[in-house]
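Structure 1 and structure 2 below are the same protein chain in two forms, each given by itself as structure tokens.
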Structure 1
Amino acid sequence: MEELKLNMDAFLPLRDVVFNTLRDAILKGELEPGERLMEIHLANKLGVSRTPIREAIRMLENEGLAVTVPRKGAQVAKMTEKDLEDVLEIRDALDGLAVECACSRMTEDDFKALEHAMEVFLDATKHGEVRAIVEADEEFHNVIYKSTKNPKLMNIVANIKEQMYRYRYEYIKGNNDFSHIVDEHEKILDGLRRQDVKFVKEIMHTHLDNQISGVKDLIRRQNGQEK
């Protein structure tokens, strides 16, 4: 908390600047699970009023990064295996539907966008910056969802994506070798080109399963439990 500084961005509303600053602090472990998010203290620390702090905390709650505890106020949310399983169970079902739609609707432009997203992800892994890798991985999957040509589905995914961000971030942060993710992306692209719904669903499911296993290990270590 002592090193917490506002990451100013002239193009964003103040609440978003505060939100990004607090989110980064949580994801990097500068604000630890269970730590209280006191509006007055944070406002003084960041040199802003309490209003953008309050709005930012609400946004953190939407992402599952903060919770409000009765009589205690807001605090950094602890990761639990149940929350992880619930979120990724929904994502698994949405991935299945997206694959069914994308296999019959993807255009050549969609495939070019997916290939470009693969290249960006590979480049990001070479530099090792966690946020860039996470965002590149998200964009790869976003291309698939966009190619379904189903705005309703994309809106639902956007909502669940916020709740997945922390788990995806922790999974990437805990990895030193991204070759298996690159391999999975290549197989997904190949399967989509062949319009092999069953194959792509299986790879997407494996993709999520690996994430669940990796983050579960982290949660258990944080709780002092055996694997």
Structure 2
Amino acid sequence: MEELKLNMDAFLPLRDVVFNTLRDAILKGELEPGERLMEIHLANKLGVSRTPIREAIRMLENEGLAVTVPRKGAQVAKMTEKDLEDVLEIRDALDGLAVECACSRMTEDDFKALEHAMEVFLDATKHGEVRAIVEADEEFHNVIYKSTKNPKLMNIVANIKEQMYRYRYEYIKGNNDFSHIVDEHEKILDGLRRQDVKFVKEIMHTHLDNQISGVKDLIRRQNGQEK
């Protein structure tokens, strides 16, 4: 079916290599929501034994990317519309916190990184590579989260974003006007410079809201078409 090749150059335990491989495959949509994750199958495909596969599954599970039923095995986690709403509610609150922290803690280096991320995003939109665009947008927001100087916050948000990443990815695919996103990015940078917490929070909220309906449609279609 799919490729699923291991990236062996890393000096990591196989469980981590397998985890990264499966995670990527899920995020990119190569492994679809609901698809079973069978151990021997994956083990053969990746050329390793079941042991590291199992450990990787345990890791995916706690990232919310896989769900396992005892004695029945794991499958790629599905998301309902309600799940998405719940996630966004949280994401919004954490974005708010992030903006507050960032406004008071951003250094000049952080601003430079943010500007750079903005350029990279602009570039990506010009070439139209979906993957590159999504990653560049991710990076822009990650710079902001990094600026909070709160690594735990970064972790949690990374985790939450991961859960909807694949849907977002599909959504971006169907889009080709990114000018309003570029616009929002500029406003966010500007607001952060002026330490205008309220202003930035609002833009971020809009930015997030803009994605919702599209992704929701996607989920509805996907969950509708199957059994």
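FYI, numbering is relative to structure 1, first residue = 1. Everything numeric in this text was worked out from a predicted model, so none of it was measured. Only the largest set of C-alpha atoms that superpose within 1.5 Å between the two forms is called the rigid core.
Remark: the form predicted alone is the source of structure 1; structure 2 originates elsewhere. With the core held fixed between structure 1 and structure 2, Ser104 has its Cα displaced by under 2 Å. The Cα shift for Met59 between structure 1 and structure 2, taken after rigid core superposition, is 2 angstroms or larger. Once the cores line up, the CA of Asn210 ends up less than 2 angstroms apart between structure 1 and structure 2. If you overlay the core, the Cα of Asn20 moves by 7.8 Å between structure 1 and structure 2. Taking the core as the reference frame, the CA atom of Thr80 shifts 3.7 angstrom between structure 1 and structure 2.
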